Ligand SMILES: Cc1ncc(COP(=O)(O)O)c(C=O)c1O
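What follows is one chain in structure tokens, specifically the form predicted on its own.
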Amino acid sequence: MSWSNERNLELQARARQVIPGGMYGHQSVRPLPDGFPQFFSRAEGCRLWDVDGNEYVDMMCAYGPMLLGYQHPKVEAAASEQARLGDTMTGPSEIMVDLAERFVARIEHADWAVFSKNGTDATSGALAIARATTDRRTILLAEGAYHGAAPWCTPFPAGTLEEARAHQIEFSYGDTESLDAAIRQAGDDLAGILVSPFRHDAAHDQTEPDAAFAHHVRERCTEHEALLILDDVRAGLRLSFGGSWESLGVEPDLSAWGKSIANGHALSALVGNERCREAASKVFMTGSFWFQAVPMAAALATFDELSREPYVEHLIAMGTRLRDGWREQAERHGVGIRQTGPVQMPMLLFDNDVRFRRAYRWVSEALRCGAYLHPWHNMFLSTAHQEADIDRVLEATETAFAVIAKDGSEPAA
């Protein structure tokens, strides 16, 4: 396929004049290889078109929000109908109660729900509620884990103060001895333990959900009367229709949700059990746009669609097809790779590629062949990805692996 980048480069140059750094946050392509498109014109299903007209099978799903695919007709119809009635109003629509009831009915550990806009809103609210519930201060969280962009958790702390991270103790994810040591350090001040359902740190191998570790965290929280907080913002709904530790038989006290719950409409949620209800009613959480009705209508429609089909099985099937294809291609071309974590959230890293030189080359070649991949962040599958789409990605990566193999020896560490 022919590929061009002229319009994107023009927009990037204009953006640098009026937007700090040209773009900010995880949507910035500055950490990606040169030539990666920053600006897009449209999206549908699992396809994405950049401003130069190049078409891609998108394996990022907007960094997770698109679970049913872009422009899902039933979700967009529900959102449009609610927009006709009202969105940002002086008070919420009754649809907020409908959605809270749906969360409580669907998620085993949920007795109540509150809504906001971003995953950071939900995780920040969870910490406040845990402290208000226990009248303690210290929160344990895994070293290197991503829980949002607020001063207490941002991975890039420019402009923040050390005090923003006061009363936090880190432990090594999955290491029960490390966790127990952190608990001892917290002493009688332990308010809660914040964990992701599995390790999905950027630029590192992922893990699978670990039942032994999950039960250990639950037992320690119960023993010390602290709250277990599950950050399900990234993985929620892709691993299970309920919480991501549901199949492990572990119920958190609080869980934070976001990304895919409204299939691309801006909405996050924090749900909790009865123990936390009174504290949740006292913690002041709000935003002028947190009560918008359109995203809530989209969320209800998303839940309806997920209830109608065995979607997790489909994600697993497509993820397995992709992982098997990449494994076969890498073996055929003699290239060392590692694929880790749940197949619904693919992660591929190259062996001995500390500076991501091979990864950058691989995704750049695939991009020019019509597949949008990421060199060091987990990717995402949607129900819109079908066998033909996965095969189209594999066609692109076949070319990319051939280029990598032709380059010769492993890159320097």
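In this text the structure is predicted, and so the values were computed from the model without any measurement. Numbers for residues come from their place in the sequence shown, where the first is 1.
Although not depicted, the form predicted in complex with the ligand is the subject of the following passage.
The candidate stretches are 237-245, 207-215, 82-90, 119-127, and the one lying within 4.5 Å of the ligand in the predicted bound form by heavy atoms is 119-127. Gly148 belongs to the set of residues with a heavy atom inside 4.5 Å of the ligand in the predicted bound form. Although the partner is absent here, Leu140 is not a contact residue: none of its heavy atoms lies within 4.5 angstroms of the ligand in the predicted bound form. In the predicted bound form, the ligand stays beyond 4.5 Å of every heavy atom belonging to His72.
Contact check for Val233: a heavy atom falls within 4.5 Å of the ligand in the predicted bound form. Counting a residue when any of its non-hydrogen atoms is within 4.5 Å of the ligand in the predicted bound form, the one hit in 198-226 is His200.
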